[in-house]
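The chain that follows stands alone, in the form predicted alone, written as structure tokens.
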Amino acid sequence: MPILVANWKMHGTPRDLEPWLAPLRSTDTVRSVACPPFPLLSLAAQELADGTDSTDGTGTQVQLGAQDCHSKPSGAYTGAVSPSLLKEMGCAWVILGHSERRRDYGETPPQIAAKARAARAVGLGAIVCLGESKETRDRLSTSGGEQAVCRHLSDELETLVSGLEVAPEGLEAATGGLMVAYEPIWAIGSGQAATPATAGAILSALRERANSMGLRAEFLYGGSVAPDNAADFLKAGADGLLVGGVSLQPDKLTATLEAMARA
């Protein structure tokens, strides 16, 4: 069953919770993770607990995710949130290393790797993001073609998941508590998605590298996803999608979920 991760970024108020969650809760053919801003996490957890979530008969339902966490369990880190607190608030997953976090806060692969280890240590699944800028893609493609881009991203993945071992008890056995999201930086919010063939080749290379490290994971595509291309990415080999803007538009999100179900 495909999975959709809805990253709300810095959007939303309490009154947006119900309409934004409704499409995710209305399907039993796509698993989903809703990732609201930190102040809305407790309200979203309550909203999901109060309602009757759609399931596929095996307990699959809308899960709660956060958009970041610190690598330490506690301490003098003003404005940061620990993975253990997210777990207590009802989160099952946390997005790590999103390109906007790298761009705006200077996050580095070793820092992201430390966050992934900390998240998994308390039973949070890690949604680890990576992707290349247009400048990097052009440079690597010129010197070594698409294979050079695949090698570059596979090497980065190895850094990002360094130190991760078999998922601790409590994390989903099927995924090993790990999702890897390929989100080409040049495609995010641009309206210009990677071609399914390009995304498929990169996800295949990332999957091969994770397998060589003994890690189980699901592999997602993110970057200008829309109802008319969602199915193409799944057919090209993505296990699911990481969406931003689409998740804030109930009609488009419903259409995207329907396209995923058909694929």
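From a predicted model like this one, the values you see are computed outputs, not experimental measurements. A residue's number is simply how far along the shown sequence it sits, counting from 1.
The next section is about a form of this same protein that is not shown, the form predicted together with 2-phosphoglycolic acid.
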Quiz item: Of these, 187-195, 108-116, 151-159, 76-84, which stretch puts a heavy atom within 4.5 angstroms of 2-phosphoglycolic acid in the predicted bound form?
Solution: 187-195
Quiz item: Pick from T27, S224, N229, Q61: which residue has any heavy atom within 4.5 angstroms of 2-phosphoglycolic acid in the predicted bound form?
Solution: S224
Quiz prompt | Distance check, G245 to 2-phosphoglycolic acid in the predicted bound form, heavy atom within 4.5 Å | solution = yes
Quiz item: Wondering, does E183 line up within 4.5 Å of 2-phosphoglycolic acid in the predicted bound form on heavy atoms?
Solution: yes
Quiz item: Heavy atom to heavy atom, is K252 within 4.5 Å of 2-phosphoglycolic acid in the predicted bound form?
Solution: no
Quiz item: Does the 4.5 Å heavy atom contact test between T256 and 2-phosphoglycolic acid in the predicted bound form come out positive?
Solution: no
Practice problem: Scan 89-127 and write down, in order along the chain, each residue with a heavy atom lying within 4.5 Å of 2-phosphoglycolic acid in the predicted bound form. | Solution: H98, E100
